[in-house]
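Next up: just one chain, as structure tokens, the form predicted alone.
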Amino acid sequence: MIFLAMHFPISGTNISPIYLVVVGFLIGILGGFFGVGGSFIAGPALRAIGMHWNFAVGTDLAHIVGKSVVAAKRHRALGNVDLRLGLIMALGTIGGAECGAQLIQLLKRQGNVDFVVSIISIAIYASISVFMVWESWKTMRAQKKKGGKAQKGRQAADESSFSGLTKTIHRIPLWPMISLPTSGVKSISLWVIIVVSFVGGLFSGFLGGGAGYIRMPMMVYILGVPTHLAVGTDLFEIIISASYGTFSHALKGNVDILVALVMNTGAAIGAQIGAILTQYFAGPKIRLLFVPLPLIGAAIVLYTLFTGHTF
């Protein structure tokens, strides 16, 4: 039984407002620090207290909009937002988000939305964590082998063991080629950016949130954007994409706006704290600290899937 539970008629669930505020606050910190919507925590957290996945996905998108506005504003002040990149990515993300939302509708009509989304979310969350712990470990080990020489500039200290792959992708001669001066990218195909953002949007519409757990790593490893800029730019882009995703899911009856508003009371504060904390960590360490978060989400989903219990 949830202490001081309130009934939210749109989703038909009984949830403690205190629970929602605390979850929103924690997700706000994570979003501001890692540049993610926090759906790998928010979605499972809402599902764990009895909300169906279609409502968890739509409601999570709604609460993320407000939180991302606060966090992106703070990151903008810190110089961590590439506006040009964010606006370009919004185009691909919107298309992907609509495809993801349509998939949710298909599963909802078939009556197996909870099971299918649970299985896919577990696989995605676990895969991301395994990959990022491997990459971050390789990167920091390579830096130690260099003798710990002092490096100048944030970008120099934000190396990735996938820099070779990133440079190869930058050389793909697929017109039109554009530059991203703020992110330090001299030339890259516009279509590479669109594909990255479309994939992120697809997961956003299907699993909820801004899908920063997919997009932030792809911005670092594929587009070659420094981690701090990837965090801030992703939050800026999430404002646009999550707004569209919220609208799309609301038309389909998948958004409990009252739950989202309660969560935002905590998220708005946490997002500012998280954004400020990024200034005290180097890029590889931010990526390594990110690793446990999708695993926590996967563990919550596993619990609800195999036990049938909710918190």
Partner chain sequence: MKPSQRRTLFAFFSELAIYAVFVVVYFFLVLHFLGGWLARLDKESVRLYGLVCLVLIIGQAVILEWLTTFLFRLLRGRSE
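Values in this document were obtained by computation on a predicted structure and should not be read as measured data. Positions refer to the first chain, counted from 1.
Absent from the display: the form predicted in complex with its partner chain. The rest refers to it.
Inset, instruction - Can you work out whether its partner chain is within 4.5 angstroms of a heavy atom in all three of 169, 180 and 183 in the predicted complex? - result: No.
Inset, instruction - May I ask you to state whether residue 51 is within 4.5 Å of its partner chain in the predicted complex, using heavy atom distances? - result: It does not: once its partner chain is placed as it appears in the predicted complex, residue 51 has no heavy atom within 4.5 Å of it.
Legend entry - Contact of residue 25 with its partner chain in the predicted complex (heavy atom, 4.5 Å): Yes, residue 25 lies within 4.5 Å of its partner chain in the predicted complex.
Legend entry - Distance check, residue 261 to its partner chain in the predicted complex, heavy atom within 4.5 Å: Residue 261: contacts its partner chain in the predicted complex.
Legend entry - its partner chain contact in the predicted complex: residue 45, any heavy atom under 4.5 Å: No, residue 45 stays farther than 4.5 Å from its partner chain in the predicted complex.
Legend entry - Contact assignment for its partner chain in the predicted complex, among 295, 10, 302, 288, heavy atom within 4.5 Å: The residue in contact is 10.
Inset, instruction - Go through 65-101 residue by residue and record those having a heavy atom within 4.5 Å of its partner chain in the predicted complex; state none if no residue qualifies. - result: In sequence order, 65, 66, 69, 70, 73, 74 come within 4.5 Å of the partner.
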